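Okay, here we've got a single chain as structure tokens, the form predicted alone, with questions on binding and movement later.
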């Protein structure tokens, strides 16, 4: 049971990281940015390209892969979403465009790198460290610490920085933001850069732990969206609580019912919240 609890913490914090990577984007553009899933995979493949193909050390490859992931998100915003906003396209058009981006970019990854499983681990697989009767690997420790740092950093960023306050203003009322002189397009660009960089980081951590495939991003992205909804998209702490609830329910459900029930459990929880508390744990009631 100690291992189940530790796995719940690990998975919950990883889902939190993914949820918080999409949080700035969804709050501002107000549609499900499905192409975010391919940015998760792109982060892992950028690090693979730089470390394995170019031979750069991981200490350089990983930060550059995160920057390239941020650039990929910004490119989507400039090339696709911003022109659609200028034409005042309907939300369904944004969703279809996002799905199209996801499909195209995933196939580009498959074409360039192949569909087989790849790894960016540099050492052999070893038995995890003993922690209170459970096993945990060094990369899992790094994942937990990184997720906690991101949660705290994003809380401070959104509350105290000028850009964070501008993001909150645009998210609450874009028209009012324009009236007071905030450049909404610039703020949205920063949201894509920050969110996509965090998504790339999440993809790299996943690849270091469990290897990677071109389709690796969609399921974690969907779990991140579920966590955001049940936690409340207006609250970073709520999102973390939603991710932990989701992770523990999946881990214990898999133990008692079987791993094939994990996705069913996640979406059952989602349906319950949509029916009885659609604003989530700490979300604002509209």
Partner chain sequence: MDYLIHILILIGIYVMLSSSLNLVAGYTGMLSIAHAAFYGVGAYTVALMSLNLHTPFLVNLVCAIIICGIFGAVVGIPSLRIKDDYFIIAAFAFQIIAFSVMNNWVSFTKGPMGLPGIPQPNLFGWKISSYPDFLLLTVIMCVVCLLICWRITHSPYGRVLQAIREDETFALSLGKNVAGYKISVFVLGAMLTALPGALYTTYISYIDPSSFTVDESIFIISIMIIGGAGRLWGPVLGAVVLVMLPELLRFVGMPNSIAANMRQIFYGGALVVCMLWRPQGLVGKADVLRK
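Everything numeric in this text was worked out from a predicted model, so none of it was measured. Residue numbers count along the first chain shown, from 1.
What comes next is about the form predicted together with the partner chain, which does not appear here.
Participant: Heavy atoms within 4.5 Å of the partner chain in the model of the complex: which of the stretches 145-153, 199-207, 179-187, 104-112 has them?
Facilitator: Among the candidates, contact is made by 104-112.
Participant: Scan 96, 129, 163, 75 and let me know which has any heavy atom within 4.5 Å of the partner chain in the model of the complex.
Facilitator: Checking each option against the partner chain in the model of the complex, the one that comes within 4.5 Å is 96.
Participant: Any chance residue 61 has a heavy atom within 4.5 Å of the partner chain in the model of the complex?
Facilitator: Because no heavy atom of residue 61 falls inside 4.5 Å of the partner chain in the model of the complex, the answer is no.
Participant: Do residue 168 and the partner chain come within 4.5 Å of each other in the model of the complex, heavy atoms counted?
Facilitator: Answer no; every heavy atom of residue 168 is more than 4.5 Å from the partner chain in the model of the complex.
Participant: Using the partner position in the model of the complex, report whether residue 50 sits within 4.5 Å of the partner chain, counting heavy atoms only.
Facilitator: Result no; residue 50 lies far from the partner chain in the model of the complex.
Participant: Quick one: does residue 86 come within 4.5 Å of the partner chain in the model of the complex, counting heavy atoms only?
Facilitator: No - in the model of the complex, heavy atoms of residue 86 and the partner chain never come within 4.5 Å of each other.
Participant: Taking heavy atoms and a 4.5 Å limit, what residues of 219-244 are near the partner chain in the model of the complex?
Facilitator: Sequence-ordered list: 219, 221, 222, 225, 226, 229, 233.
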